[in-house]
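Given next, in structure tokens, is a single chain: the form predicted on its own.
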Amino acid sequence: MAIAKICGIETEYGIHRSNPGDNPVTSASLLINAYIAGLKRAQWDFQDETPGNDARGFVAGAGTPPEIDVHLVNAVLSNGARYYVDHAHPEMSTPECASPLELVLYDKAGEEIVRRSLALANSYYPGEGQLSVHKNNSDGKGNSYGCHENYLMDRNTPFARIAQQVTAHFVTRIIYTGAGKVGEEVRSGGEAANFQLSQRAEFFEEEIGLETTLKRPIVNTRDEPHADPRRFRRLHVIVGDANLSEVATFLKVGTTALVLALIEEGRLDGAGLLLENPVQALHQVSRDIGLARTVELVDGRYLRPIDIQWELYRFAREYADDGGLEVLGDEDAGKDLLRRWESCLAVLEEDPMQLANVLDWVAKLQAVEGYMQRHGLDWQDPKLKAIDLQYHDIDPAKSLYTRLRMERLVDSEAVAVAVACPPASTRAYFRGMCLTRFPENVASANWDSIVFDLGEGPLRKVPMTDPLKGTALHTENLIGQASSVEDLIERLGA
């Protein structure tokens, strides 16, 4: 049986400061520190970090600790999220969410937190030294940064089967999850691309591997479950774009969660959806805005990406009819997901431009082509790349995305609540509420534990190895009735 698809998103934001003397690390630190100053928060606990563990059975750099700069800002927020400097980028990791729709909400809450950070930071440096932040995936100079998804999976599902059967989905889902891109930064043969579906696709060079910044693989093998490793694995997905479209995020996470559930239950065994050359296919699909070119399968068939998505949809539809939507945490949202998946594929077949208020790549393409026509420009004009970048600007006064009236799935009031409050459906609730109730006593936290400082005696570490424990159902009364952190610890022990 497939297990609940607890999910999360880690987004690295592009950042630039007009003061040429500052480097990106300094800029990212200024941005985050402007927001967290005076907030209820805790430091991140690095003790259990094991990013070198490989699902294929070995440990990269065994015997040496992970390379982590503990001096950079790295905070846990009251909504259960992690907000930190990752190398040269500000990064926002959502709290664990129990459904794709809930994850859309907390992804948007993350955007709002970064937006507030930007306003605060720029208020401290009026005039010269202003920051700009973009939710995109490349700097236009050959450097890419990520938007990583995470999905809880059953440890008993062989990783080799996961990697084999999920690849076709990762390659072809960009027809609705791509963020769109003017031009190209990495040549892969053939004619130059004027426009691509995906910002990230051209930066991938391997089918499978552990790296995330060099020789990026379509399927990442990091085996760091942030949960009980005997029961769970976490599929760390690095191949996706950072989406502003709420529908694109909903489809990206929801369809992938369903495909992973199908794999866990063995429903894709023998389906034959195996690509002959996945890396080549990924590059090809991204460059085909007409969605007409076929990719070669191992069994000799040639299918369009949309044909592969239709096949996966049909498997998911059958699974849903058998009660499979429970893995998405919200059956009503699961039904909406299937409806949107089917509708999106149908419209993409008929006329993708009808989705200009739904999908990022279509919205951006329409905006760029409209600008070209109005001003008589060709694809080589540098103004087009400026429009591309403007689409992703987090500042609402500058953002092209905010002007396009894209379809919403979550309202602004719910986002405002999610900025401060954790989801009730996962262990993120316990993490966030402990930080709200007892901020002075939370020494540090990470995904699967929280460390309390009682003021005297040793620190007390509370493990949280099951993402579905520590929910509001389990702990709301416990936290609410505790008169002190000592009382909470005692109640937990009982």
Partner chain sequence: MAGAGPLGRICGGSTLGTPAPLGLQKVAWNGRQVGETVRIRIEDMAERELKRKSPEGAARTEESTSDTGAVPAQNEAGEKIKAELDDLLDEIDEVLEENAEEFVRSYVQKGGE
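Positions refer to the first chain, counted from 1. Model, not experiment: these values are computed from the prediction.
The same protein also has a form predicted in complex with the partner chain, omitted here; what follows describes it.
Contact annotation: Glu207 falls outside 4.5 Å of the partner chain in the predicted bound form, judged by heavy atom distances. At least one heavy atom of Arg200 is located within 4.5 Å of the partner chain in the predicted bound form. Though the partner is left out of this view, Arg115 does not reach within 4.5 Å of the partner chain in the predicted bound form, counting heavy atoms only. When the partner chain is considered in the predicted bound form, Tyr429 lines it closely, a heavy atom lying within 4.5 Å. Heavy atoms within 4.5 Å of the partner chain in the predicted bound form are found in one stretch of 224-232, 315-323, 155-163, 363-371, which is 363-371.
The partner is absent here; in the predicted bound form, the one residue of Asp336, Glu184, Glu276, Asp307 having a heavy atom within 4.5 Å of the partner chain is Asp336. Contact annotation: of the candidates Leu101, Val295, Val327, Leu262, the single residue with a non-hydrogen atom within 4.5 angstroms of the partner chain in the predicted bound form is Leu101. Using a 4.5 angstroms heavy atom cutoff to the partner chain in the predicted bound form, none of Gln43, Arg287 and Pro463 count as contacting.
In sequence order, Arg374, His375, Pro382, Lys383, Lys385, Ala386, Ile387, Leu389, Gln390, Asp393, Ala397 are the residues of 374-397 having a heavy atom within 4.5 Å of the partner chain in the predicted bound form; the partner itself is omitted from this view.
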